[in-house]
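One chain is shown next in structure tokens, namely the form predicted alone.
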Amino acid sequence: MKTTRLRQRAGILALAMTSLMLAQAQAAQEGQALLESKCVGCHIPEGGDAISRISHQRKTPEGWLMSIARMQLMHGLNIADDERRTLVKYLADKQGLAPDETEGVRYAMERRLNTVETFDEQLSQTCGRCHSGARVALQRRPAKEWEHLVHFHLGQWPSLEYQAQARDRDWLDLALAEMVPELAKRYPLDSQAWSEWQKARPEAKVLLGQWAFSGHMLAKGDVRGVMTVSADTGDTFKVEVNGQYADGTPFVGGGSAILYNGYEWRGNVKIGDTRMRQVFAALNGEMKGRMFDAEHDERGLDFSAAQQGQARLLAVQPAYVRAGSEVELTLVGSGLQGSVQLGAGLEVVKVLEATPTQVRLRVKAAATAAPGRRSVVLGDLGGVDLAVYKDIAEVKVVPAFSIARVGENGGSTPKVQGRFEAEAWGRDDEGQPYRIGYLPAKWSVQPFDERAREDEDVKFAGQMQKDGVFVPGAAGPNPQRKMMTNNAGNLKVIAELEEGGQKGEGQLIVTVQRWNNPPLP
């Protein structure tokens, strides 16, 4: 009977894989046909399947979506929604970026809008003063196309030469003479990484099956569970999520996803009553990225997953234990088996649960356990650290710098919250600092500077909740404020640990609505 069921499942999987392959071939044909019917009216055929401008760029799915949207808004392109989706899929597959080419700048696709970028001064002043530097780094062009992009910017936004960091220099000459060659060298159309990826790019069918996942959402905590991926048409999937937060809140739902360029996973799922988006890199049996509320991208969680059949240890939750205490720890991963080793001074009192995706333990830490980070080993698996601490040396507010935005009040733009956690740090026996993890804290805000005090920003900018969530004020002018200004503010965010009372500080800017909110900021 068991053999029969296995054969039936194998047959179903084979049919699903065949369906995926046939749909992929059809989608490629439709994409090329759309490119010819919708784009050649303005873009010139160059022989073969090459078309002027379009064939000389490589971008992420979000980048191609923005290009097509610009053609609609500025040049009157008439294209249906389903046709646009097909064209984005075709271009992202054919002219995308290799995984190595997105390394370090995926935060833009993942909507990590509080990221403080670290590009060089030249790129930051030329490009990063209007949009993220990551938007530049997530595309590839030859020198001629970078030159076209400079001219496009000046033609479309002629005032940019009179803005700060442009009006005090010959902006156009610098952009053409210095920036274009640098961009062509740094982000070229042709690269070894892209050539090798095209040869090694896996098919969508390798992602079918179950995925154990681990995550963390600021102001909410750890989450874990299993995501099941089944085949739909083309490079699309049906997704089921079954998990929970560390406090027991369910994290359950489902939806759909699509795969671009062999590894760019984009999902739309509904968890409870919340619609969430998934932006992951799916590579070598792992998924890493971010899930976030479709209406509030500031409400997101870091996400990592391991595929069934890939033995990996993803996380230990929580990732810390205090010397002299007894706690429950959960190891999360795929293919989990074997004995647990936590290092000197830590004793596994009892194994509460052991499955291939999670192992729950009762652990006792001796009062003499050495402070610091140590490796967690489960059978043959490692790669996860556990922090042991006696005292807390420092508290950091995460993120250290954040932006919230006023909203609502009769308008269509929602408020953008600030979300914070208190990150504790300790020192080992050699005096070296090490990260302990997020600990419970009491939250408050104060004026960041004297101007904020004079303007009563604490009174008007919004309210800090007890869970580290800051809810900004209403949009529009406020008659109670000086000169009827809006509810913007400059605030100091203060975290006071419930354990020990140590304090940490961060900065929160409360500002106006974000009216232009493209897929790549």
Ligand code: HEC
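As the structure is a computational prediction, the values presented were derived from the model and not from experiment. Residue indices: 1-based, along the sequence shown.
The form predicted together with the ligand is left out here; the points below concern that form.
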- Would you confirm whether the three residues 329, 365 and 441 all fall within 4.5 Å of the ligand in the predicted bound form, going by non-hydrogen atoms? no
- Only one of 77, 246, 281, 323 has a non-hydrogen atom within 4.5 angstroms of the ligand in the predicted bound form; which is it? 77
- Query: So which of 312, 112, 153, 277 reaches within 4.5 angstroms of the ligand in the predicted bound form, heavy atom to heavy atom?
  - Reply: 153
- Message: in the predicted bound form, is there a heavy atom of the ligand that lies within 4.5 Å of any heavy atom of residue 42, even though the partner is absent here?
- Response: yes
- Would residue 139 count as touching the ligand in the predicted bound form under a 4.5 Å heavy atom rule? yes
- Using 4.5 Å between non-hydrogen atoms, is residue 64 touching the ligand in the predicted bound form? yes
- Message: Since only the chain is shown here, I'm wondering whether residue 469 would be in contact with the ligand in the predicted bound form (any heavy atom pair within 4.5 Å).
- Response: no
- Message: Looking at heavy atoms inside 4.5 Å, which stretch does the ligand contact in the predicted bound form, given the options 451-459, 475-483, 31-39, 492-500?
- Response: 31-39
